[in-house]
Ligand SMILES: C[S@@+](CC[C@H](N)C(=O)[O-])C[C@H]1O[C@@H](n2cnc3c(N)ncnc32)[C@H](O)[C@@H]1O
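A single chain comes next, written as structure tokens; it is the form predicted on its own.
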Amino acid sequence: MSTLAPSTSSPSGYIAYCRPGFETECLADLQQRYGKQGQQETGPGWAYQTAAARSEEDFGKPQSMIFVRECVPVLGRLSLPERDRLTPIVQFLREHAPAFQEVWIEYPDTNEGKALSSFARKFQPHVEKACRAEGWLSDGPLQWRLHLFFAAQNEVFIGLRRVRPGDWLCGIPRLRMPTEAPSRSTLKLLEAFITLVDEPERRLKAGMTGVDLGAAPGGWTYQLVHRGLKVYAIDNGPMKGSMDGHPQVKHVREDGFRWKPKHAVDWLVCDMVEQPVRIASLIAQWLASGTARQTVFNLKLPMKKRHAEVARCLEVITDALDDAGLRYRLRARHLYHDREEITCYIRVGKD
């Protein structure tokens, strides 16, 4: 069976997954990409937008959608009976001539959604068996995936999308907490390296130098040290655990807004709790002056007008880099391990 044309149907819309409480921002991301026409709807941990498809390559590119964890083109939306939820799904798929190599059953990142995880595990083999019986679930190279997103146990969005590197079930990365890291904030930087940085194994090499502004107790410093970097940890507070006295770490008890290195560094990371526009101005100074070449930093967001505040902060940075005549790459995401903040990655240079 061919895997090049998995469906004869165009998507009826797009379902996007997000952190609960950020549905408005998630929907705004969808509207910026697909327009404001048609139906818009939000539910706990998700947003839905009806729109005409642009092209296959446009389906769900979360890099340009800050508050979207995952975006899937939707073929249809079904209300399911209490018993035999499988039959309506199979009947729907028969009308859309699908071909795919994998099935994911997903649910929102909420307490109610997590209660569906047991149902999803039990339901998965029944869906796969039915799809194989119909000849839809082929064994070829992994190219297309069927997504069944259960907004509730009796409501499912049926989507189909090309498989991409870095996809995560439910849009949630499964990362293991390093035992030697002094705080769980280390997972934020680990996720940023995995999801925002191109070729992190090439961008982060032993022998490079890095600066961690607001380093204590050392969760972000750990990620740099773990990759062999020599780190200036800038914080008036104490470093803890494995980062306290580590030979690759020079702890400088100074204000992160005032300290500057004597020489340019390869990396700057920053997770300080401060007004986001002040952090944006600080990052802009480091990059525009050539003091740092790459950076990952967090912007702590207000409770309201988050999109506007993000746009304001990113404009501060891009204006400074443009004025300096620099080429750069910028990505911003509301990561799974973020809370009331977003994480940004910027690389200055041609490559």
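Numbering starts at 1 and runs along the sequence shown. In this text the structure is predicted, and so the values were computed from the model without any measurement.
There is another form of this protein, the form predicted together with this ligand, and it is not shown here; the text below is about that form.
- The stretch among 212 to 220, 105 to 113, 169 to 177, 80 to 88 whose residues place heavy atoms within 4.5 Å of this ligand in the predicted bound form is 212 to 220.
- Not one of D29, Q49 and F150 is positioned with any heavy atom within 4.5 Å of this ligand in the predicted bound form.
- Only one of E95, D198, D244, E254 lies close to this ligand in the predicted bound form, with a heavy atom inside 4.5 Å, and it is E254.
- Contact check for Q101: every heavy atom lies farther than 4.5 Å from this ligand in the predicted bound form.
- Taking non-hydrogen atoms only, I234 approaches this ligand to within 4.5 angstroms in the predicted bound form.
- In the predicted bound form, this ligand sits within 4.5 Å of a heavy atom of V273.
- Using a 4.5 angstroms threshold between heavy atoms, S183 counts as touching this ligand in the predicted bound form.
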